[in-house]
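There is one chain below, alone, in structure tokens, taken in the form predicted alone.
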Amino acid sequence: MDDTTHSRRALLRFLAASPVLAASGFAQCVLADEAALASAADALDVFEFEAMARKIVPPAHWGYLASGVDGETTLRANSSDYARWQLKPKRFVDVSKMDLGVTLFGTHYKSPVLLCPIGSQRAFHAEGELAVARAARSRDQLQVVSTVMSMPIEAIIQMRGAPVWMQLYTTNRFEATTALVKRAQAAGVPVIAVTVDLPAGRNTETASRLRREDTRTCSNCHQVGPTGNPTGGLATKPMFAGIDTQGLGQTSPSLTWDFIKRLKDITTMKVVIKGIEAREDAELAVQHGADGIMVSNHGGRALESGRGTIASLPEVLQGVAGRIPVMVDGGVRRGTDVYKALALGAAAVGIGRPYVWGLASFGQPGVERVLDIINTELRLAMVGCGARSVAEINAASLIDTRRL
């Protein structure tokens, strides 16, 4: 960065501090101008990475990441529904020693924040999932990879230095699914997370719209699938090497609860169902042998229900009744969001887009900084509410504004 750029930014920051100009919205313009961070360490919140990533990532790829479905009411609700709950402070608690650690299926992690599966991560950074794996290793946090990851799972696990979980698209041919599951287990994956919220496609308008704005000829380097996948085509994905992908669908519209039994019959991995949002389905998940649940609506990219996942979490927990762990993802942007989900009863909380914003901006350091920001915000929320460990976080520290 040259002296002229430094001077310009210094002037803009000085002007933004003016109460008169602040009232005119000038400060927001300065924040937009500051989107080009000099380093990952300069980011103060995850939204600064979002602004920078949007400038860096090509339109079609950004659309794939940013899109919800239909009018994106559910996408927005995932974040906005967290405002329903307020935090109740608790004073005179010795918070000199804090512990953010959690244990999931026998493995301990330093934070309850997990990195959710997002496919085709090389669309956002050349090192893709490998950079994320190094970040997860450095912060000792759980990484969950997608069936349509852009790097071989064996390489990701080697880079992580520990097992990762794998999200599973069921496909429409069980023999292909079996091959995917067997490979994951052989690689050392301990938990498979079955995605059940996309049985028959989706309507991602933002992704389609931004593909129209992209002037590149995408077919020069990759295919583009109907759902906006920037490196579409299962044959191009490392997990499908050696599998006949002719006519193979990523999901199946005929899927029933029997799939969970069939899956458990062919693997010793724990089976988590990702995409449960209702109490009735939570009860059935337990009945059919699920080892865990991820409350998820695919980041607002499945059904346009208009309901955020944090609003669905309490009834799913009621259905489970403490028999299996329940996790949640969708719309998490602050450590206070994580705290609220934990207080409601979640065993862990997933982030998706924020860490990919960091990945796109700076690779591994960007992902690490996103984790540091959210973990710091979580720790401060715990301090303010007098919870010295995740085990001490409970619903007594929440105020439900709908009951006021």
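One rule holds for the numbers: they count along the sequence shown, beginning at 1. Just so we're clear, the structure is a prediction, and the values are computed from it rather than from any experiment.
From this point on, the text means the form predicted together with a small molecule, which you will not see here.
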Quick one: does residue 128 come within 4.5 Å of the small molecule in the model of the complex, counting heavy atoms only? no
Just to confirm, residue 167 within 4.5 Å of the small molecule in the model of the complex by heavy atoms? yes
I'd like to know if residue 335 sits close to the small molecule in the model of the complex, meaning any non-hydrogen atom pair within 4.5 angstroms. no
Consider residue 274 of the chain shown here, and say whether it contacts the small molecule in the model of the complex, taking contact as heavy atoms within 4.5 Å. yes
Should the three residues 117, 148 and 298 be counted as contacting the small molecule in the model of the complex, with contact defined as a heavy atom within 4.5 Å for each? yes
Counting only heavy atoms and a 4.5 Å cutoff, which of 367 to 375, 50 to 58, 64 to 72, 337 to 345 contacts the small molecule in the model of the complex? 64 to 72
